[in-house]
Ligand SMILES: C[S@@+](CC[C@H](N)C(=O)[O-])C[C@H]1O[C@@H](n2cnc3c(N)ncnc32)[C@H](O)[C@@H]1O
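Have a look below at one chain only, the form predicted alone, in C-alpha coordinates format.
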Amino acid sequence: MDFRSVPTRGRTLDYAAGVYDILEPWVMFGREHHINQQVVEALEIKEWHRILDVGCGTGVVTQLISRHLDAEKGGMALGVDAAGKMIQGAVEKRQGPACSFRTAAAEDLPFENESFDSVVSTLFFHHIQMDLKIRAFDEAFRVLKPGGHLVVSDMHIPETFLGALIAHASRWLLFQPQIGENIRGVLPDVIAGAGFTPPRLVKTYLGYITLFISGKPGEKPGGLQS
(Lines give C-alpha, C1' and ligand atoms only; values in the text may rest on other atoms or scores of the structure.)
Protein backbone atom coordinates (compact mmCIF):
# COMPACT_ATOMS: atom_id res chain seq x y z
CA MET A 1 0.00 0.00 0.00
CA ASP A 2 1.18 3.52 -0.83
CA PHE A 3 1.56 5.54 2.39
CA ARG A 4 2.71 8.77 0.79
CA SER A 5 0.84 11.86 1.98
CA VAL A 6 -1.42 13.44 -0.62
CA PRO A 7 -1.17 17.13 -1.57
CA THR A 8 -3.40 19.44 0.44
CA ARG A 9 -3.26 23.01 1.72
CA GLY A 10 -4.81 21.83 4.97
CA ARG A 11 -2.84 21.07 8.09
CA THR A 12 -1.73 17.44 8.34
CA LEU A 13 -0.35 15.62 11.37
CA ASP A 14 2.32 13.35 9.88
CA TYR A 15 4.74 14.63 12.51
CA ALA A 16 2.47 13.44 15.35
CA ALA A 17 1.51 10.02 13.97
CA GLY A 18 3.87 8.08 16.22
CA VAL A 19 2.52 9.53 19.46
CA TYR A 20 -1.05 10.43 18.45
CA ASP A 21 -2.72 7.46 20.18
CA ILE A 22 -0.82 8.26 23.38
CA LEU A 23 -1.50 12.00 23.44
CA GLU A 24 -5.12 12.09 22.29
CA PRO A 25 -6.66 10.63 25.50
CA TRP A 26 -4.71 13.14 27.57
CA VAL A 27 -5.77 16.07 25.40
CA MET A 28 -9.40 14.90 25.73
CA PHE A 29 -9.13 14.55 29.54
CA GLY A 30 -10.03 10.86 29.32
CA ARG A 31 -13.36 11.56 27.56
CA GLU A 32 -12.23 10.36 24.12
CA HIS A 33 -13.83 6.91 24.28
CA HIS A 34 -17.14 8.22 25.64
CA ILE A 35 -17.36 10.88 22.91
CA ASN A 36 -16.43 8.41 20.18
CA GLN A 37 -19.07 5.94 21.36
CA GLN A 38 -21.76 8.63 21.11
CA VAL A 39 -20.54 9.49 17.61
CA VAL A 40 -20.91 5.84 16.61
CA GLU A 41 -24.41 5.63 18.14
CA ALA A 42 -25.49 8.70 16.19
CA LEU A 43 -24.72 6.93 12.90
CA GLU A 44 -27.56 4.38 13.42
CA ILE A 45 -25.42 1.70 11.78
CA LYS A 46 -26.79 -1.28 9.88
CA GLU A 47 -24.56 -4.31 9.20
CA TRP A 48 -24.40 -3.64 5.46
CA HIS A 49 -23.61 0.08 5.61
CA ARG A 50 -20.64 1.64 3.88
CA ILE A 51 -19.37 4.44 6.13
CA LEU A 52 -16.68 7.00 5.32
CA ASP A 53 -14.56 8.47 8.14
CA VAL A 54 -13.05 11.76 6.93
CA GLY A 55 -9.79 12.84 8.57
CA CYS A 56 -9.57 9.50 10.36
CA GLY A 57 -6.09 9.91 11.86
CA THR A 58 -4.93 6.55 13.20
CA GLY A 59 -8.38 5.04 12.73
CA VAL A 60 -9.76 4.75 16.28
CA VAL A 61 -13.30 5.79 15.30
CA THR A 62 -13.15 3.87 12.02
CA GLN A 63 -12.41 0.68 13.92
CA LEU A 64 -15.21 1.32 16.44
CA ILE A 65 -17.64 1.72 13.53
CA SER A 66 -16.40 -1.47 11.85
CA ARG A 67 -17.35 -3.55 14.88
CA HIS A 68 -21.01 -2.95 13.96
CA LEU A 69 -20.54 -4.00 10.32
CA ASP A 70 -20.52 -7.33 8.48
CA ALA A 71 -18.07 -7.48 5.60
CA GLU A 72 -19.86 -10.49 4.12
CA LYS A 73 -23.01 -8.35 3.79
CA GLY A 74 -21.09 -5.50 2.19
CA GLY A 75 -20.45 -3.54 5.36
CA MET A 76 -17.28 -1.44 5.37
CA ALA A 77 -15.82 1.41 7.41
CA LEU A 78 -13.31 3.31 5.28
CA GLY A 79 -11.03 5.88 6.88
CA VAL A 80 -9.27 8.55 4.83
CA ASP A 81 -6.59 11.04 5.81
CA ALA A 82 -4.16 13.15 3.80
CA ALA A 83 -1.31 12.26 6.18
CA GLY A 84 0.40 9.10 4.96
CA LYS A 85 1.98 8.29 8.32
CA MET A 86 -1.44 8.44 9.99
CA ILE A 87 -2.82 6.00 7.45
CA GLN A 88 0.19 3.72 7.86
CA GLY A 89 -0.43 3.63 11.61
CA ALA A 90 -4.13 2.96 11.07
CA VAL A 91 -3.45 0.06 8.71
CA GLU A 92 -0.86 -1.50 11.02
CA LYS A 93 -3.02 -1.21 14.15
CA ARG A 94 -6.64 -1.40 13.06
CA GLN A 95 -7.30 -2.68 9.53
CA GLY A 96 -9.64 -5.66 9.37
CA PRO A 97 -12.31 -7.38 7.25
CA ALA A 98 -14.78 -4.48 7.66
CA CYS A 99 -12.21 -1.74 8.31
CA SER A 100 -9.85 -0.26 5.74
CA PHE A 101 -7.86 2.91 5.14
CA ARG A 102 -6.38 4.97 2.33
CA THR A 103 -4.71 8.34 1.83
CA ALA A 104 -7.04 10.99 0.44
CA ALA A 105 -7.70 14.68 0.97
CA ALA A 106 -11.14 15.60 2.31
CA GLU A 107 -11.56 18.28 -0.36
CA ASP A 108 -10.90 15.81 -3.20
CA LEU A 109 -12.41 12.44 -2.33
CA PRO A 110 -11.61 9.67 -4.86
CA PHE A 111 -15.04 8.05 -4.65
CA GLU A 112 -18.13 7.87 -6.84
CA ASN A 113 -21.26 9.93 -6.22
CA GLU A 114 -23.66 8.51 -3.63
CA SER A 115 -21.38 5.62 -2.65
CA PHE A 116 -21.65 5.80 1.17
CA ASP A 117 -24.53 5.34 3.60
CA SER A 118 -22.99 7.68 6.19
CA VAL A 119 -20.12 10.14 6.50
CA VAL A 120 -18.47 10.85 9.84
CA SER A 121 -15.68 13.14 11.00
CA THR A 122 -14.16 13.69 14.45
CA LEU A 123 -11.83 16.54 15.37
CA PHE A 124 -10.74 17.15 11.81
CA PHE A 125 -12.36 20.33 10.50
CA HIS A 126 -10.54 22.64 12.92
CA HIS A 127 -7.33 21.69 11.07
CA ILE A 128 -8.38 23.10 7.67
CA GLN A 129 -9.15 26.64 6.53
CA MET A 130 -12.55 27.92 5.49
CA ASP A 131 -12.32 27.31 1.74
CA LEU A 132 -11.27 23.71 2.39
CA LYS A 133 -14.04 23.26 4.98
CA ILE A 134 -16.52 24.28 2.29
CA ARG A 135 -15.00 22.00 -0.34
CA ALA A 136 -14.77 19.06 2.08
CA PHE A 137 -18.45 19.28 3.02
CA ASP A 138 -19.33 19.62 -0.66
CA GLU A 139 -17.41 16.40 -1.28
CA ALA A 140 -19.06 14.67 1.68
CA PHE A 141 -22.47 15.63 0.26
CA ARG A 142 -21.50 14.31 -3.16
CA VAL A 143 -20.42 10.85 -1.97
CA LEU A 144 -23.29 10.41 0.52
CA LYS A 145 -26.43 8.56 -0.54
CA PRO A 146 -29.78 10.39 -0.31
CA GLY A 147 -31.15 9.88 3.19
CA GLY A 148 -27.67 9.17 4.56
CA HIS A 149 -26.32 10.48 7.86
CA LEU A 150 -23.62 13.09 8.42
CA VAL A 151 -22.14 13.06 11.93
CA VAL A 152 -19.46 15.56 12.93
CA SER A 153 -17.75 16.04 16.28
CA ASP A 154 -15.48 19.09 16.37
CA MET A 155 -14.52 22.34 18.03
CA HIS A 156 -17.36 24.88 18.12
CA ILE A 157 -18.41 27.97 20.08
CA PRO A 158 -17.19 27.46 23.67
CA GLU A 159 -19.95 27.14 26.28
CA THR A 160 -17.88 27.28 29.47
CA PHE A 161 -14.97 29.31 30.79
CA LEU A 162 -12.70 26.25 30.71
CA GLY A 163 -13.85 25.43 27.18
CA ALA A 164 -13.11 28.98 26.04
CA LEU A 165 -9.70 28.91 27.72
CA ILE A 166 -8.72 25.64 26.03
CA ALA A 167 -10.09 26.63 22.62
CA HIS A 168 -8.53 30.08 22.47
CA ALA A 169 -5.22 28.87 23.92
CA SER A 170 -5.11 26.14 21.27
CA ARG A 171 -5.76 28.67 18.53
CA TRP A 172 -2.88 30.93 19.56
CA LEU A 173 -0.35 28.44 20.94
CA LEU A 174 -0.67 26.18 17.89
CA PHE A 175 -0.79 29.08 15.43
CA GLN A 176 -4.00 27.72 13.93
CA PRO A 177 -6.40 30.39 12.64
CA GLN A 178 -8.53 27.46 11.44
CA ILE A 179 -9.44 26.85 15.10
CA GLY A 180 -10.55 30.47 15.30
CA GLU A 181 -13.00 29.81 12.47
CA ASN A 182 -14.51 26.86 14.30
CA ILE A 183 -14.93 28.60 17.63
CA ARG A 184 -16.65 31.52 15.90
CA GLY A 185 -19.33 28.98 15.00
CA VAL A 186 -18.95 28.55 11.23
CA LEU A 187 -19.63 24.81 10.96
CA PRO A 188 -23.47 24.75 11.02
CA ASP A 189 -23.73 27.26 8.15
CA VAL A 190 -21.03 25.49 6.13
CA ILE A 191 -22.77 22.14 6.60
CA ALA A 192 -26.15 23.53 5.57
CA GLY A 193 -24.54 25.44 2.69
CA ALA A 194 -23.30 22.17 1.20
CA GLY A 195 -26.89 20.97 0.90
CA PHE A 196 -27.24 18.99 4.12
CA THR A 197 -30.22 19.41 6.41
CA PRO A 198 -29.62 22.08 9.10
CA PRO A 199 -27.43 20.28 11.65
CA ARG A 200 -28.73 19.47 15.13
CA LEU A 201 -26.33 20.38 17.91
CA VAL A 202 -26.76 17.29 20.04
CA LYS A 203 -24.26 17.73 22.83
CA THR A 204 -21.19 19.71 23.84
CA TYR A 205 -18.22 18.06 25.53
CA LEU A 206 -15.51 19.71 27.62
CA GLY A 207 -17.21 23.03 26.94
CA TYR A 208 -15.99 23.40 23.36
CA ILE A 209 -16.43 20.18 21.32
CA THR A 210 -19.88 19.80 19.79
CA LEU A 211 -21.58 16.77 18.26
CA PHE A 212 -23.57 17.67 15.11
CA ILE A 213 -26.03 15.38 13.33
CA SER A 214 -27.25 16.15 9.83
CA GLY A 215 -28.02 14.28 6.64
CA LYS A 216 -28.55 14.39 2.91
CA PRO A 217 -32.18 15.05 1.94
CA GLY A 218 -33.91 12.22 0.13
CA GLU A 219 -35.23 8.74 0.70
CA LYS A 220 -33.37 5.90 2.35
CA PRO A 221 -33.47 2.45 0.78
CA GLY A 222 -36.95 1.02 1.15
CA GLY A 223 -38.60 4.40 0.71
CA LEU A 224 -38.04 5.60 4.29
CA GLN A 225 -37.72 9.35 4.54
CA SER A 226 -34.57 10.83 6.08
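As the structure is a prediction and not an experimental result, all values here were calculated from the model. Sequential numbering from 1, following the sequence displayed.
Keep in mind that the form predicted in complex with the named molecule is missing from the display, and what follows is about it.
- Taking 152, 144, 82, 98 one by one, only a single residue has any non-hydrogen atom within 4.5 Å of the named molecule in the predicted bound form, and it is 82.
- Think of it this way: in the predicted bound form, the named molecule has a heavy atom of just one of 56, 187, 52, 179 within 4.5 Å, and the residue is 56.
- In short, of 41 to 49, 179 to 187, 197 to 205, 56 to 64 it is 56 to 64 that has heavy atoms within 4.5 Å of the named molecule in the predicted bound form.
- With a 4.5 Å cutoff on heavy atoms, residue 124 counts as touching the named molecule in the predicted bound form.
- Proximity of residue 139 to the named molecule in the predicted bound form: non-hydrogen atoms within 4.5 Å are absent; the residue sits far from the partner.
- Although the partner is absent here, residue 91 lies well away from the named molecule in the predicted bound form, with no heavy atom inside 4.5 Å.
- Although the partner is absent here, residue 10 is a contact residue: one of its heavy atoms lies within 4.5 angstroms of the named molecule in the predicted bound form.
- Taking the named molecule as positioned in the predicted bound form, the residues of 75 to 111 that bring a heavy atom within 4.5 Å of it are, in sequence order, 81, 82, 83, 86, 104, 105, 106, 107.
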